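First, one chain by itself in structure tokens, the form predicted on its own.
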Amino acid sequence: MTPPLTSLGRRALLAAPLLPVIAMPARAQISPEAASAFIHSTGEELVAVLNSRDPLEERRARVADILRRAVDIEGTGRFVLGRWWRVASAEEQAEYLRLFEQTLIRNLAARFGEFQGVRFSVGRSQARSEDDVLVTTEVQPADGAAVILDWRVGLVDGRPQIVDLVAEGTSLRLTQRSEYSSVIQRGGGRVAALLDAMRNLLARGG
């Protein structure tokens, strides 16, 4: 029986499943100014979609397109899988990355896409390591409390990309890494157990 894979809650997704480094290629250093400009332009693009009068499903699809361009999905996915990446076969690695992209984009697009009347502002940016910068933003929904989101931005193949999302001190990729590792361990150390759980979750629309 495949161990269950729970979907991350609202705190882990907005207040923290965009997300843990393993044998990853070194990234060039990005300046705080460049990281801030990237988050500002990406945020403005998202806000324009969220505040449009388009149907909900169309807004979600457009948000998904923006996220695919803005997020380092492969790097984040490999980080989330952690030490189990080396255990997985080449076929399992490829299948995992395919399922991870679907899961991540579907979850984020579904939740971001529900909001309208959003205001977005960029605060300070500061280098947190040799290759990424933390950019603080405030997202103010029309009908709720403001949420502080910290975006970690790095250069991937020479382009700024989001490598993690932190809210209320919770890292998306660290949270998801812990969850995925637990599923694999309960499945006897088999990456296949995680893949089965991810497929089941996607099939249920989670």
Partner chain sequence: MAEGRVVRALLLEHATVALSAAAVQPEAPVLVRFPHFLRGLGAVALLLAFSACATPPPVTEPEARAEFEATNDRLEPLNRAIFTANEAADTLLIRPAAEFYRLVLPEPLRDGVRNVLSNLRGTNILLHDLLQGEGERAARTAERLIINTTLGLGGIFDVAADHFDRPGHDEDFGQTLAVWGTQEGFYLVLPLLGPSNARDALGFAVDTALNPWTWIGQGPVVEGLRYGRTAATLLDARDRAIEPLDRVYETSLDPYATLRSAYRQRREAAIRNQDSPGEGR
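Residue numbers count along the first chain shown, from 1. Every value quoted in this text rests on a predicted model; they were computed, and no experiment measured them.
One more form of this protein, predicted together with its partner chain, exists but is not displayed; see below.
In the predicted complex, Asn107 approaches its partner chain with a heavy atom inside 4.5 Å. Its partner chain is not drawn, but in the predicted complex it has a heavy atom within 4.5 Å of Gly169.
Of the heavy atoms in Val47, none are within 4.5 Å of its partner chain in the predicted complex. For the chain shown alone, Trp84 is a contact residue for its partner chain in the predicted complex, at least one non-hydrogen atom being within 4.5 angstroms. Looking at its partner chain in the predicted complex, residues Glu179, Ser182 and Gln185 each place a heavy atom within 4.5 Å of it.
The chain is drawn here without its partner chain; in the predicted complex, the stretch among 38 to 46, 155 to 163, 55 to 63, 169 to 177 whose residues come within 4.5 Å of it by any heavy atom is 169 to 177.
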